[in-house]
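Presented below, as structure tokens, is a lone chain in the form predicted on its own.
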């Protein structure tokens, strides 16, 4: 069932013994949403915990509270647009404790998998939605600086520190309220946007050395292989920032990053300018996301073959603009 705002706000307050699931290869929004909700439930004396197939990257560990062990009664997902984004370990958990009772998401391309869904496809982040739902019943929640910090993390990272076109006046108002609540925005912004390991810089250098640019300069493709990650000493959890690099090149309308997950599987991130739909490009290959930022996956193809398919799709979509 598709819930309205008041129904969804009520459902959050009813959660007992909740297992909150984040998507694989987690970013600041899925983790920020998950840990904000978890912390808020714990503050009410409820039992709750967060689970992610790929674990929590080190730079996001500041959000993790002490979480109790218990047998979940309710399974909730945050920022998950498709059950395909669960990952194997999460699928096992859903089979054991499922079905998913409630999904909260902001992806217009959402493919329903839960009993109930609250979807705001025009929200810049899932954390915006969590904040708005809690504000709809604000007298019932105990929101502290830690919760505000979790939500600020998601709002900031999913808007590229308020630079992406999904940033709205509401986004800025929510960010201001979270700062007023005590979110440590200076530290969060430094960690998320101004800090890189030497390995990350080395990987960026290797990727740029292998950059593919179309003849007209409108499509740029970076490829990150498992061997490159091993040589640089980084893993997939440290690759978020690299997805924005291709679109930073002057004249590029479609920026693509191909990242190897295992021997045969590749994850693709697509970023586009104002006249081309990233969602439409990725939807051709079973993926989805947002108008300017979307993703999909390939299996059994070489990076060169994937690049060829994506470049062809990008040319067709650019022709529609």
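Quantities reported herein were computed from a predicted structural model and do not represent experimental measurements. Residue numbers count along the first chain shown, from 1.
Below: the form predicted in complex with another copy of the chain, not depicted.
A single residue from the set 146, 196, 110, 218 has any heavy atom within 4.5 angstroms of another copy of the chain in the predicted bound form; that residue is 196. Between another copy of the chain and the residues 137, 89, 142, 248, the one pair within 4.5 Å by heavy atoms in the predicted bound form involves 248. Only one of 227-235, 114-122, 178-186, 67-75 lies within 4.5 Å of another copy of the chain in the predicted bound form by heavy atoms, and it is 178-186. Using a 4.5 angstroms threshold between heavy atoms, residue 204 counts as touching another copy of the chain in the predicted bound form. Within this chain, residue 241 is remote from the site of another copy of the chain in the predicted bound form, having no heavy atom within 4.5 Å.
In the predicted bound form, at least one heavy atom of residue 173 sits within 4.5 Å of another copy of the chain. Although the partner is absent here, residue 96 sits far enough away that none of its heavy atoms falls within 4.5 Å of another copy of the chain in the predicted bound form.
Taken together, the three residues 223, 263 and 266 all stay farther than 4.5 Å from another copy of the chain in the predicted bound form, as judged by their closest heavy atom.
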